[in-house]
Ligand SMILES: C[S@@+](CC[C@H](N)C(=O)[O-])C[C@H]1O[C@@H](n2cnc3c(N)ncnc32)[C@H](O)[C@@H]1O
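Take a look at this one chain, the form predicted on its own, written out in structure tokens.
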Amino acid sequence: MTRRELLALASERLGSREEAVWLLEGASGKNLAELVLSLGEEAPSEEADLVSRMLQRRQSGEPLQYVLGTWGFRGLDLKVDARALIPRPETEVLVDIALAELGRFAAATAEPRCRVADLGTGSGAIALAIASEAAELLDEVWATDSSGSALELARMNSSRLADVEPHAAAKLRLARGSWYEALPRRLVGELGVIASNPPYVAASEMARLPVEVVEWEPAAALLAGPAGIEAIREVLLGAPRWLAPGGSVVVEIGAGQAGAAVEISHEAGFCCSSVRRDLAGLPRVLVACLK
């Protein structure tokens, strides 16, 4: 079977030529241009077998990103699997905002090397993106998670970054624990930016999520509790103790949570807070600055 025939078969079974191309790229190790140029070649048997197994996984409902095993996030090639949430475009917006806040903090304080924490890091996407894109401003980036398996995934992604950006990867510190409990006490009052994409789905909302999210992605990273705002509250209320003067907390929030998140930030003592919109125009990221 040629790769062209394999592509046609995969496209038919998936009902998507785009997804079929991704599977063939993953199975062959070729980029798109290389794949197109090789479509007339016979697919090696091991490659065809791998495509067959990947098709079975995808047709069972497993997310495409887990089937491929890697996914792009702000130029990073991250390993992804069911140990952590799939990195999403909304979270890329959070990183944009966190980087802007980090730049503002560094300029305002003339701090040569800043410290950042990514709470509930999962795959390590936020922490690694910040380390990659702002290494010159950073002393340390702490990535915490209560899940040991998620931290193992983040460690693997740190190793992947070290292969191409060793200086950036060297900034990362991994720590296991719930939110601020994982951080060393020496960081109290020292963080320039706290970033987090915490669980923000209410128990009553879980049934309305897409099936492939509910059945495949880790529930602990999605479900916050009865109200959906519980983890956001914990991150915001704890932030002032850990932030340096002028530091910011940047938190991803769910639909309909903007008002409650702003109220919680005021309760925490932040006098300056705002909610930024994502690429779809939805209120997505709360930013609160410590004066």
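A quick note: this is a predicted structure, and the numbers were derived from the prediction, not measured. In case it trips you up, residue 1 is the first one in the sequence shown, and so on.
A second form of this protein, the form predicted in complex with the ligand, is not displayed here; the remarks below concern that form.
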item: Heavy atom contact within 4.5 Å of the ligand in the model of the complex, the stretch among 129-137, 192-200, 154-162, 104-112; value: 192-200
item: Partner contact for Leu85 in the model of the complex: the ligand, 4.5 angstroms, heavy atom; value: yes
item: Close approach of Ser178 to the ligand in the model of the complex, 4.5 Å, heavy atom; value: yes
item: Partner proximity in the model of the complex: Ala220 to the ligand, non-hydrogen atom cutoff 4.5 Å; value: yes
